[in-house]
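Quick heads-up: it's one chain on its own, the form predicted alone, in structure tokens.
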Amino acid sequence: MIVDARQVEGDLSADICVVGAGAAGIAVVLQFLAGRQDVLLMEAGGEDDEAETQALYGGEVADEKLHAPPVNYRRRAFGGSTAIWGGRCMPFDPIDFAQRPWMPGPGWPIGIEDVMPFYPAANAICEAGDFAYTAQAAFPGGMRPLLKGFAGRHFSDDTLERFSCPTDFGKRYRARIAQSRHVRLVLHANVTELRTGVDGSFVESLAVQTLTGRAFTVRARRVVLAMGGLEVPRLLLASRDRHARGIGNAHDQVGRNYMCHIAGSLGEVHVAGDARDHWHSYQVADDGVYCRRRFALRAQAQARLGVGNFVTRLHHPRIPDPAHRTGALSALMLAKPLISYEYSKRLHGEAALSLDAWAGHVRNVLLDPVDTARFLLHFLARRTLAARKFPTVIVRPKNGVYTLDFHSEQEANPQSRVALVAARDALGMQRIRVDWRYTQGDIRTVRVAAEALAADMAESGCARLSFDPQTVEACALRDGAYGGHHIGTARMATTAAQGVVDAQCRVHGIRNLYVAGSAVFPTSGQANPTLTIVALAVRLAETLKKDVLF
């Protein structure tokens, strides 16, 4: 059933109330569509984008060169940010859950064995095909090599990333939720406060407001916050009826240890052999899903080198520099005003181009009309119009020289945080200030990993990687924090002194309050977070089904 909070008369009640209808919230409620429990799914937005609603995400950032404004990379509507994600799926690695003395923070209180049973279901919900994340498992008949002859001591080239359609969870699962007798989706329902009982150990009710001025209360025996890594700490910190510092924040842990990923491009990879000896594009598995190989730093190498997790791919030259002389890349540069902020920033960065640079891009398009037209037709047919979209821009460099596109783990850092400020939104809630910080350990991971890959390529004799170690920090921070990956602000830990939720995602000290989403991740790993968000959400649903507290 779907209702609109602007037409709700009186208060609401349920067995379970899930706040937030993005990947995590929808994944939770899908497990209850045919159950006996009455579930409320509260969504702050409507079914479509609304400027006034999206503006509620506004806030401050400490350094706009390092982090995008909080209103970007998020969508306050049914389906959440799955309406704008790229669809990249991969699980966390076993080492991500291990206790690593060389990495800051207490790490995960659970192991890979606690999450692995839920990954296949997450893969299905994300529509990423089979849970097969090695070339051997996904392509029994063989897969094209990244670099022919590569055999790395430090790096493997066998692991894959798989791609969702990308699936908009709101559109994909709307009908199932609307037809359920056990789940009620409430749109335009902004939860502005959690109110606890006399002893502060139980959420008695949730305060709900709409932008039209309607206000009501929701009572539920169990409450799940699935609002994303920035809104979860905002609501916890704003709920101070019996918790002076905010719910779950007795030890000043809410909003701390905010992570994204360190990502960018660096260096030059000169490939030996002819064009048939390297392949940096996608292959379609038997289940119809686009898959792509990448270089992944082995767990043993991470431990030996004392660095975080790291993956990298062969990549086209940087688009803003017309010296690449590639018409397709220049066409993308000229089309920058037509591309959404989230993707134009990743493709082009934010720096303004000179007139000479713009002229260079126009010249590239005019001098390379055949390849440019071929690329644009491919983009139209296999991405713009396709149901399962070709995942990213793939352009083979004319001179065989690639850059490295890397995605690296960020260390937990208590000084990197999300906090409240005095400014308030249209509903009266305090806005947030994002102070995202990186460490020299983050930069060291990129530098040391690149050095190790250069050694592997040289020893294999298949390619030569060159880069200036002095430029690594600038390359890693060229576009700032990797947008959309809001991690660690309500992290999972054994004790309340170390984190916000326990191993079952229950807020320490609050008997009926849980958190779903990447806010609970104690580490960021190398992987995009969505698949693990969904896996942990399915795991949380199983916990709620077995919970005998009530």
Partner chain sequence: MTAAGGQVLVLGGDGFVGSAIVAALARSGEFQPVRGIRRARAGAVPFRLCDATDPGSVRRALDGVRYVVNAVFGGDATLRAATRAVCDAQAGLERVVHLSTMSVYGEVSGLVDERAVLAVDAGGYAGSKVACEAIVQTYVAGGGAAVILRPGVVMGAGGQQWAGRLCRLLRARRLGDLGEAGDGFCNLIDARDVGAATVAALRAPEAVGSAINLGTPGPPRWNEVLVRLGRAIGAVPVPRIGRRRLAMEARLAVPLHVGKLVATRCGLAVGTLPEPIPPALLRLFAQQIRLDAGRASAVLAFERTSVDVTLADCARWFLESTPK
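Residue numbers count along the first chain shown, from 1. For clarity, every value in this text was computed on a predicted model and none was experimentally measured.
Form predicted together with the partner chain: not shown, discussed below.
*Asks:* Taking 4.5 angstroms as the cut-off for heavy atoms, does His316 touch the partner chain in the predicted complex?
*Replies:* Although the partner chain is absent here, His316 would stay clear of it in the predicted complex, with no heavy atoms inside 4.5 Å.
*Asks:* Contact with the partner chain in the predicted complex for Asp130, defined as at least one heavy atom pair within 4.5 Å: yes or no?
*Replies:* Taking the distances in the predicted complex, the answer for Asp130 is yes, it comes within 4.5 Å of the partner chain.
*Asks:* Using a 4.5 angstroms cut-off on non-hydrogen atoms, would Arg388 count as touching the partner chain in the predicted complex?
*Replies:* Close contact exists here: in the predicted complex, Arg388 approaches the partner chain to within 4.5 Å, heavy atoms only.
*Asks:* Can Pro117 be called a contact residue for the partner chain in the predicted complex at 4.5 Å between heavy atoms?
*Replies:* It does not: once the partner chain is placed as it appears in the predicted complex, Pro117 has no heavy atom within 4.5 Å of it.
*Asks:* Go through 150 to 158, 80 to 88, 185 to 193, 279 to 287 and give me the stretch that gets within 4.5 Å of the partner chain in the predicted complex, heavy atoms only.
*Replies:* Only one stretch qualifies here: 279 to 287.
*Asks:* Would you kindly say which of Ala458, Ala352, Ala175, Leu377 lies with a heavy atom within 4.5 Å of the partner chain in the predicted complex?
*Replies:* The residue from Ala458, Ala352, Ala175, Leu377 that makes the contact is Ala175.
*Asks:* Quick one: from Ile339, Cys165, Leu305, Ile394, grab the residue that has a heavy atom within 4.5 Å of the partner chain in the predicted complex.
*Replies:* The option sitting close enough to the partner is Cys165.
*Asks:* Within 4.5 Å of the partner chain in the predicted complex, counting any non-hydrogen atom, which residues from 26 to 65 show up?
*Replies:* Only a single residue, Ala34, comes within 4.5 Å of the partner.
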